[in-house]
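Below sits a lone chain in structure tokens, taken as the form predicted on its own.
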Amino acid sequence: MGKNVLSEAEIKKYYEDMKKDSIGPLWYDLGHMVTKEPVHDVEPYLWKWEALRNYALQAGDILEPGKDAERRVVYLQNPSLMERGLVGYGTHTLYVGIQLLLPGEMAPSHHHSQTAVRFIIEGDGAYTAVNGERSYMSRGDMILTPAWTWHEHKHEGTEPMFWMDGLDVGLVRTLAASYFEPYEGDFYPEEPPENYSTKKLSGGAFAPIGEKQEPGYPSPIFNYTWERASYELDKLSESPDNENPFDAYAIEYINPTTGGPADARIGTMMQKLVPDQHTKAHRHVHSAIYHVLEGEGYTVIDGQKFEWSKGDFFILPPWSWHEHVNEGAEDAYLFSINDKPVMEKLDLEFGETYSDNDGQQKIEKVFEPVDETVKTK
């Protein structure tokens, strides 16, 4: 057999028959299947904290956690992924919600195959219990609830409590591995003393003689406190030599038994930008969702300017040029979650630096939020 043996009509029928039998010609589709660089449907987006807080607070008049719903949470919906029917997605792998717990409320214990991190935004007097260990939450703390661990929340304070929930919802759904189970008795029995792992391991990692901490997951620390994170960032920013050209002064939360990321699947990072600091642009395969703990400024993503202030959230899609700018008179702090640990485990993480214009992008447009009510008319 050789080239062009068949007539045009026969070739056309050949392709039509293949399609009818759910078979495809690789010679036509290889470029779509094995692309020259990462291709995705995720678009950047930004949400203002005032709107998120108001929606979460209003939900306090609508339902009660543990009674009307498992949790009281409003989530970030990326419009570009909603168009594909992907409900609850911030990026193709990551989900973020804002959870509200009012004084005296309790959210019952459950566990699931998704891994989760909590970042505390506002309030105090509430705790999260992970496998029976109670850890009180303060603004700026990052709390792990690793996959399969039993976890619950209770508010013993006097003011509303808000925190960020970050989960790998998209990743687990794509892998068809979602599982959820409530605890039979509502609340998992308390075992270690409260904040035991944080007190034992933060600031040095101590253990009784003869007791060895096995390397692996989950991390032996559940609560990574803002007190410790801010101390590390302040020490780091004392010297310009510690400045990262792309992330300013930045730390990653780690598992002390491995030296790797605090969570096995979700990476966590805190960045400090001093006034007038402007990072250089780069891009990488992993995606991220950012929360502005403090400060005001903007991030340029693929030439689009996203202006942020305290409390806001924004999406960084994979393989997107990005750089950060602190426009305020005070230090800015950006907390973010990412899917880098998974990409690194699969040997898929890579990136590159932006070489034009001294490493900084030209701003081509300024972000404006999508009005879904207009789109549907």
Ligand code: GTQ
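Position 1 is the first residue in the sequence shown; the rest follow in order. Being a predicted model, the structure only gives us computed values, none of them experimental.
Here the subject shifts to the form predicted in complex with the named molecule, a form of this protein not shown in this document.
**Q** Between the options 167, 129, 301, 262, which residue brings a heavy atom to within 4.5 Å of the named molecule in the model of the complex?
**A** Result of the distance check: 167.
**Q** Which residue among 73, 147, 288, 292 has a heavy atom within 4.5 angstroms of the named molecule in the model of the complex?
**A** Spelling it out, the residue with a heavy atom inside the cut-off is 73.
**Q** Give a yes or no for residue 224: in the model of the complex, does one of its heavy atoms lie within 4.5 Å of a heavy atom belonging to the named molecule?
**A** No, residue 224 stays farther than 4.5 Å from the named molecule in the model of the complex.
**Q** How about residue 278: is it within 4.5 Å of the named molecule in the model of the complex, going by heavy atoms?
**A** Contact check for residue 278: no, nothing within 4.5 Å of the named molecule in the model of the complex.
**Q** Quick check on residue 151: any heavy atom within 4.5 Å of the named molecule in the model of the complex?
**A** Answer yes; at least one heavy atom of residue 151 falls within 4.5 Å of the named molecule in the model of the complex.
**Q** Heavy atoms within 4.5 Å of the named molecule in the model of the complex: does residue 99 have any?
**A** Yes, residue 99 sits close enough to the named molecule in the model of the complex that at least one of its heavy atoms falls within 4.5 Å.
**Q** Can you tell me which of 108-116, 129-137, 80-88, 253-261 lies within 4.5 Å of the named molecule in the model of the complex, counting heavy atoms only?
**A** The contacting stretch is 108-116.
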